[in-house]
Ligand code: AMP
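Shown next as structure tokens: one chain only, the form predicted on its own.
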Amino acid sequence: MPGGHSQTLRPFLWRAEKLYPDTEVVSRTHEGRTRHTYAEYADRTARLANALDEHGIERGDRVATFCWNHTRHFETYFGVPNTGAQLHTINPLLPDEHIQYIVDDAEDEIVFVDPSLAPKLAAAAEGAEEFADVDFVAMGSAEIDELDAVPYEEFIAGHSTDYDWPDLDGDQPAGLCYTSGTTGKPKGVEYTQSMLWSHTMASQTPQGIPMEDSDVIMPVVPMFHVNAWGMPFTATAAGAKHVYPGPSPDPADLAALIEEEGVTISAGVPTVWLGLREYIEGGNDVDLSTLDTVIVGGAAAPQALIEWYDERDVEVLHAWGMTELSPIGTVSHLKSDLRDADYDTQVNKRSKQGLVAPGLEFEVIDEDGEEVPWNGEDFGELRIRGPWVTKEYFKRPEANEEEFVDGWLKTGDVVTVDEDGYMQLVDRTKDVIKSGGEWISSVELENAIMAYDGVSEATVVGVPHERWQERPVAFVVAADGVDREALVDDIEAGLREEYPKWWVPDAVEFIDEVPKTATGKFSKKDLRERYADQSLVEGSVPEEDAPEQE
């Protein structure tokens, strides 16, 4: 297929520049907010492309970023892949050894780095052979001495705003993102031009995460992780205004951006929206009137959170995805025949991970290798395939053999699907708790516990048990001033009403913070290691309450 007619990213920027030259791209920075129009953005992107050519970057070379969410980072989103090079976004929250491995595995030619992240990258690079041939560009107008990094503005200065963008095939690698490597070395996932094009177009359907030219889009989800859920591409395709929250935004920063820039759609993990809720409930007056939708992914959103934002006319739109899916797989829109259902029914559906995005197929397979029925009860491992689902890992043949079967990606997620087709994440295969031969969903317990007033965060893990194999233990972060003893009594009493007695956690432990992975998800591995102590669950589960043995 001729390159000019392939499914690539280039037409999205061309359209935004031609149709919406005055629409803004805004960034929060340490020095204040920067503003560029799409016309200026396109010029700067062309200058970046010319600078990369002059630097010797060729088609197929990998160019990395080590950055927060801001306009310069966004310039690499089109400026790198549209030349035929591959944009490799590196998660700066990863351990040094993982960063070293990733840079070496990807064979990065250049790393664009934020000044505030330079000490982290310099520490990873110090004495590491992996960085011997890597050049650095500082995302700003000042040098970074510890990395001998040329300033970005100097890097692109003097270059033409005209660029002869090459015709590219759809199978040209455009992006690269590594999994967080919680169970071993990070695995690289490549995104081709056609994968990102397909993901963008599916996102723009009514059952995806559609955006209009009147929207103002603020991705809080990091641009270093799975392309900020594809939002920079989708917003550009729509001709929408971009707002980037910059480094480590707190609830006050987000509130100010929403109010002052008129944000209509935003996205982030549930802790972002829990934090904004706590900020508002703490007595801060925040105008959310422009905000239509917050997209939640990475972890389940408690129903109480959905209801709180509903009361303020903000829709919490649940989505699920993976690095391997570019990343969107499901979105929890209400089907037309549920729009007249009672509110409780609607919230129940919306709190699930949702309906498969148009263009994808999935199946759910039980331990016996059989496909499970859609009844909302039976569950198994989710397998998925489609045009933006990766078919292999970068340079990892052993992982390919393990995690792909007959064209399906084995996601490692345990799910159930109800009669209406709504998928609900039950657990990760490694996190589901097996007690007395029966399965317990840690995710379902977590959602139930987080619905209680006085609970800021909660996670549930399986702790080894001599008799029952594993027993659930809840780890709770309590809000300030809460009577913890009374809270435990409320949680235990409520769970006993809602679930079988053997589902009820054998202990509720209070902690200051739930450990997080480098992508902001709860890290149960850390808690398992820290609390691998059977004394937490000694004497638990009376005989009459125990689950049936297999």
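Residues carry their position along the shown sequence, with the first being 1. Just so it is clear, the model here is predicted, and its values are computed rather than measured.
Another form exists, predicted together with the named molecule; not displayed. Remarks below refer to it.
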| request: Name the residue from Trp388, Tyr244, Trp320, Phe224 that puts a heavy atom within 4.5 Å of the named molecule in the model of the complex. | output: Trp320
| query | the named molecule isn't shown here, but in the model of the complex which of Asp114, Asp108, Glu75, Glu324 has a heavy atom within 4.5 Å of it? | reply | Glu324
| Heavy atom of each of Glu17, Gly79 and Thr161 within 4.5 Å of the named molecule in the model of the complex | no
| Out of the stretches listed (67-75, 296-304, 276-284, 140-148), which one is close to the named molecule in the model of the complex, meaning heavy atoms within 4.5 Å? | 296-304
| message | Quick check on Arg350: any heavy atom within 4.5 Å of the named molecule in the model of the complex? | response | no
| query | Does any heavy atom of Thr83 come within 4.5 Å of a heavy atom of the named molecule in the model of the complex? | reply | no
| said: So, Val432 and the named molecule: in the model of the complex, are they within 4.5 Å at any heavy atom pair? | reply: no
| message | Is Ser442 part of the interface with the named molecule in the model of the complex - any heavy atom within 4.5 Å? | response | no
| said: Pick out the residues of 392-412 whose heavy atoms come within 4.5 Å of the named molecule in the model of the complex. | reply: Thr411
